[in-house]
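Here you'll find one protein chain in two forms, each presented separately as structure tokens under the names structure 1 and structure 2.
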Structure 1
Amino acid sequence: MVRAPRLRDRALIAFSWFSGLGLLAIFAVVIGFLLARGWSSLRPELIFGDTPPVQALLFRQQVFDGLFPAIIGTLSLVLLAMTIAVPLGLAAGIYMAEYCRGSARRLGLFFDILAGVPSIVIGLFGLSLTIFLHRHFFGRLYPCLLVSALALAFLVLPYLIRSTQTALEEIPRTVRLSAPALGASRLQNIFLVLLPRSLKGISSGILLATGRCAEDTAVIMLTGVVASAGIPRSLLGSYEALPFYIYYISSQYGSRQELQNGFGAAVILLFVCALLFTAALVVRHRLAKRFFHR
């Protein structure tokens, strides 16, 4: 009678280890394949073309034959989209966890449905909204960096809302009630106790949303990205982005070297995502240190 549960536990542990190692192996194969195919094309010419790197980095000279404008466009797009989405997602998640009661809790189902909407539909909605605003309100509004950022923010909002809500709801009741018992107001309890305690879960949602913004192609393809636009000069201008460049080259490459450049762009996109994730982790570490080591 005792051996059977132990055997099941061991089998479950073994299956968990096998699944985890399998996922790591798949991840290593994908990354290794990209590095093997694209590493040879990672040269300064791929990023800066014929432009001197120092002149390009100082924005003194335009880059026409390199990926530097696409890198800047991707970073600008992700930062702008997250600047829009994070405050809205945190506010909605706090409301769902701390204020929403009764039948209003059904809003969670709406967010779950919204998370499952294909990105191409969000891009089509952004394009249709731009056309509507252009015809009736803003005659100079066209698909641009701002429209793409708004569409991407709308795309990742459900992840931010649900991750914030779940992180807040998982806090133990004893921690939740400790500050009000000492006389803290509801807002003080949320911002000084609950949010710092749920920082790990919230930051995980932010990382997931950041990765989704950096890799999505369908949304930006309909809302403002172009193959050659240079560094974005304003929020209402066109821009380049690495995901669209990879899609464009992989579908219309004319030589083996162009395909190799596409793999090189994929490796650069991985580096850009790693940079964004690292920055987010550093911010989380500093916030955690500030709240828990004072």
Structure 2
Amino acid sequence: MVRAPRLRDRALIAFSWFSGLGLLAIFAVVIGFLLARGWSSLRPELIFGDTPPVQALLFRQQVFDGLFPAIIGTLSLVLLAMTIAVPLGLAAGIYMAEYCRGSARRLGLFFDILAGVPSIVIGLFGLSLTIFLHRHFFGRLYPCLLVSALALAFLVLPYLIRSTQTALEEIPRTVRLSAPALGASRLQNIFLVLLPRSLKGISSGILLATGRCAEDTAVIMLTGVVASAGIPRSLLGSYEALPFYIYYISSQYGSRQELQNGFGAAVILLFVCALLFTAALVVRHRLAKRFFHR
């Protein structure tokens, strides 16, 4: 016999549906608004301005009224930050999962702390570190692409470490022990058996971290991004980036055209990040949800 749900139950159900539909409506409004306003600007001119695309892509001519420098800036930033963060994060993750015994486990606390530090504080750290080094050691160091990449690497390190660690720790004992039983060394076991087995978890961590690097604005605002710099030519130079461009346009667009470019940039960044995050979730469904932090 099925009892009719009581009033409280019905209220709870109604409330849940209301919330679910509400969230979906919010989502639809946000995406719909962006697409409605930004879709029409998704044309080659958005990226290349009045420069011929081929010339721009070959870096023969500079682009002035397009997103090209900001896109290249963000790409270089992400690549550089991940080049710094991935080896470090993987190595630290391997240590935490495979070697770490006893009191060294406490290191995990510091990764959690780092994961919780607001990105603007990490940016502030990057800035002050730069000024400190500039004053006392390297007179040629200014806030620049390298500093931003380093700060971003610090920002995403905890995700990489934790995702590597969790992925490794979830490998069943039977798999973990079979190679050593056959005479493999510890390193061989890690690199030939355990890491390949946990590739999914690790790569989803990397995808998430890449998304974070691409979308973060607060860190780069303090460490070297500028409104206008052209294609980055050097690690020690200023650069442009997509998220900063979006922020900049939102507060100081000078013309309808610039505003349109802002909407175009927002649509592009939205899709790049959404793609990365979705890919991360597809690659590995059950993810340590705590590290959705931003």
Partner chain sequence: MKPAPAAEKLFFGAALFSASISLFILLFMVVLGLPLFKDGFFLRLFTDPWRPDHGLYGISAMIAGTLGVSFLALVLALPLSLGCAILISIIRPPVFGRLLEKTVQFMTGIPTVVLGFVGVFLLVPFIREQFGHGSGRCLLTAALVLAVLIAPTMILFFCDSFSRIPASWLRAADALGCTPMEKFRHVILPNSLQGLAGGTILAMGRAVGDTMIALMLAGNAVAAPHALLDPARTLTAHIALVVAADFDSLEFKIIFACGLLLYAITLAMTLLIRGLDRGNGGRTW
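Rigid core (definition): largest C-alpha set, two forms, superposition within 1.5 Å. Just so you know, these numbers come straight off a predicted model, no measurement behind them. Numbers follow structure 1, counted from its first residue as 1.
Shown as structure 1 is the form predicted on its own, with the alternative form given as structure 2. Each of the two rigid parts keeps its shape between structures 1 and 2, while the smaller one turns against the larger by 21°, per C-alpha superposition.
Core superposition gives F33 a CA displacement of 3.5 Å between structures 1 and 2.
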